[in-house]
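What follows is a single chain, given as structure tokens, in the form predicted alone.
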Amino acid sequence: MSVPPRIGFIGLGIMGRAMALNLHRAGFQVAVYNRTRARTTEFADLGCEVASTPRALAKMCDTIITMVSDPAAIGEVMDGPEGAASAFQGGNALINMSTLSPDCTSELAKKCYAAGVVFLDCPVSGSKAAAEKAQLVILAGAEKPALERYTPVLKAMGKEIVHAGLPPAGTALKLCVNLIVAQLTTALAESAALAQAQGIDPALIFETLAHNPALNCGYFSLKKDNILKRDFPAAFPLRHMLKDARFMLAEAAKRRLELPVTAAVERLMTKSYNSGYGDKDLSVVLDTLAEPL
């Protein structure tokens, strides 16, 4: 990339904040927009420009990165007279790193292609700690030349890029990966709940896993304190995984594929969400398992 892009970053939540900071640290010229203005203060203090609207951000930058919560949020920042898409010109690029539905991603790709804008479908695998350390795995749906051109940008936020094909292949792969994360989390929570019900210290589960190379999963280590301390600060909020599980089930239904375990996980997460736990880490399903039937 002969001329480094000027990057406009939209979405400064748990993940987006860390990713935008890593781009700034890597030397890229970064401007930001966030619906909650207070989250832009630290970027202003670093010398980054803060845009008043997504359109204003897109006018000042040639590459827009979006990291927002869901399709409704992407519509809010992209569409309408003050949306980023209203300022797109040929030669610009949009890198969506949010986890959307494949249908929403396809529609976004079509809008970009119609406007002459390069589109990269690049959701990420990894939660808060990986984002902070620029150790995310980026799941890319893009044409190879575009992916090669923007690899330096992506590598400022992640350690590896997995090229899945054309959009929405990155999103499709992300749903497959998050299916595993959802089930691992639920398995761990159910195991701890069963241990407690039998009068066994759940810490023994983690001790056993640590001694077994086949089961010594790094993800379980990340969730150890959540489970043993019954404390659930959000590394991956439950509401986001619930959204993703519903996307998984919708995609499976379109293809007449049954995902019975994922369906059960979705029901458990829905119960947890309805108990008011949506903003807690998804491992909070442990508390839902402890609730009376």
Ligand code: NAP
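What you see is a predicted model; the values in this text were computed from it and never measured. All residue numbers are counted from 1 along the displayed sequence.
The same protein has a further form, the form predicted in complex with the ligand, not shown here; the description that follows concerns it.
Although the partner is absent here, residue 76 sits close enough that one of its heavy atoms falls within 4.5 Å of the ligand in the predicted bound form. Using a 4.5 Å cutoff between non-hydrogen atoms, residue 69 counts as a contact of the ligand in the predicted bound form. Residue contact check for residue 243: one or more of its heavy atoms lie within 4.5 Å of the ligand in the predicted bound form. In the predicted bound form, the ligand sits within 4.5 Å of a heavy atom belonging to residue 235. Just one listed stretch, out of 161-169, 124-132, 196-204, 209-217, contacts the ligand in the predicted bound form at the 4.5 Å heavy atom level, and that stretch is 124-132. Scanning 230, 254, 35, 267 against the ligand in the predicted bound form with a 4.5 Å heavy atom cut-off leaves one residue, 35. Applying a 4.5 Å heavy atom cutoff to the ligand in the predicted bound form picks out 11, 12, 13, 14, 15, 16, 34, 35, 36, 39 from 10-39, in order along the sequence.
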